[in-house]
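Quick heads-up: it's one chain on its own, the form predicted on its own, in structure tokens.
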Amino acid sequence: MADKYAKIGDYTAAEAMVINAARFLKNFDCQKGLIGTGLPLVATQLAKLLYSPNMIIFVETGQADAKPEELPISIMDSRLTYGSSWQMGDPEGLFPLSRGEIDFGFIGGAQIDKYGNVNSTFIGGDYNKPAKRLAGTAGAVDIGVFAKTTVTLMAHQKRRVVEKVDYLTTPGWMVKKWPSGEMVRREEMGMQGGPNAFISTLGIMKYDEDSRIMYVDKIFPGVTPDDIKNSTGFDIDVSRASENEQLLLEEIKILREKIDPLNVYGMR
């Protein structure tokens, strides 16, 4: 049975992240999710094929439960209309969120902080004069506010996993209160839900029930606790971590040959 497992070196860190995200989505079979652009599209397609066939996926551009024959390269890709049961437009694609019908949101970003706040707006400087302007919010605010829970997918680097995001695009567990800017619990602002997990290239992070601060739950094979601590911009708790299950050769094969044969997202 050992030969069914992949060895370190048989896959990239990005592939490990996406495959583990697809596994994590087992928790949401028979539920409704709204996904963002980028690698969440890849992980969702893999999950639908392997683990969560009854998961219903919405995108903010108005498609629901699509069955694309090829991997979409963005949420604007017309491939997402194939086999869809609902095809409208933006902002109609976000309406199920505000009605409380979306069980989970699945997003990416440029930065994430210890409370699960995500930044996809700018890096460095200020809003009017940023060092680097990013793609922006799209539906990321709506997802973070209205989804019953959120899952974030992002490369694990010190410049990206930070003490405090440069700009709070998607609210996590502690958010800014207007107009003072004071950081308060999201419940105080009337928000339901909150971040469930951050799945990175090194492991799976969860949030403490009391402090709501991120901690390491699972470490991927070949990764050490020090690897995660050295790649995180704050003192992250690794004391509760255990090693994650190895990847299966079949998972890698399906990801490469069925989901993304053209390596559209540069994972390998």
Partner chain sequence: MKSKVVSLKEAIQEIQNGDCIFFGGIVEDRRPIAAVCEMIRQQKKNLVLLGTCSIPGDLLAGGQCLGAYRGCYTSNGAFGISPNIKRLSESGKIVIDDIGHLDLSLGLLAAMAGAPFIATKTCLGTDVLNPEYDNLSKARAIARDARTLPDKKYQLMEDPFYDMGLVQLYPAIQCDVCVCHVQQVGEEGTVRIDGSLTFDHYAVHAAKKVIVTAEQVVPEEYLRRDPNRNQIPCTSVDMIVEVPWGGHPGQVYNFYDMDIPFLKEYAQGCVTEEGFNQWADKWIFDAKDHEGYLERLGATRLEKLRSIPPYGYKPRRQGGI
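Residue numbers count along the first chain shown, from 1. Everything numeric in this text was worked out from a predicted model, so none of it was measured.
Although not depicted, the form predicted in complex with its partner chain is the subject of the following passage.
Shown here without its partner, the chain carries 224, 246 and 251, none of which come within 4.5 Å of its partner chain in the predicted complex through any heavy atom.
With its partner chain omitted here, the record of contacts in the predicted complex names 168-176 of 194-202, 168-176, 100-108, 147-155, defined by a heavy atom within 4.5 Å. Its partner chain is not shown here, but in the predicted complex it comes within 4.5 Å of a heavy atom of residue 134. Looking at residue 52, you'd find every heavy atom of it more than 4.5 angstroms from its partner chain in the predicted complex.
With a 4.5 Å cutoff on heavy atoms, residue 264 counts as touching its partner chain in the predicted complex. A residue is said to contact a partner when one of its heavy atoms sits within 4.5 Å of a partner heavy atom; residue 138 meets this definition for its partner chain in the predicted complex. Shown without its partner, the chain has 121, 122, 127 in segment 113-127 as residues with a non-hydrogen atom within 4.5 angstroms of its partner chain in the predicted complex.
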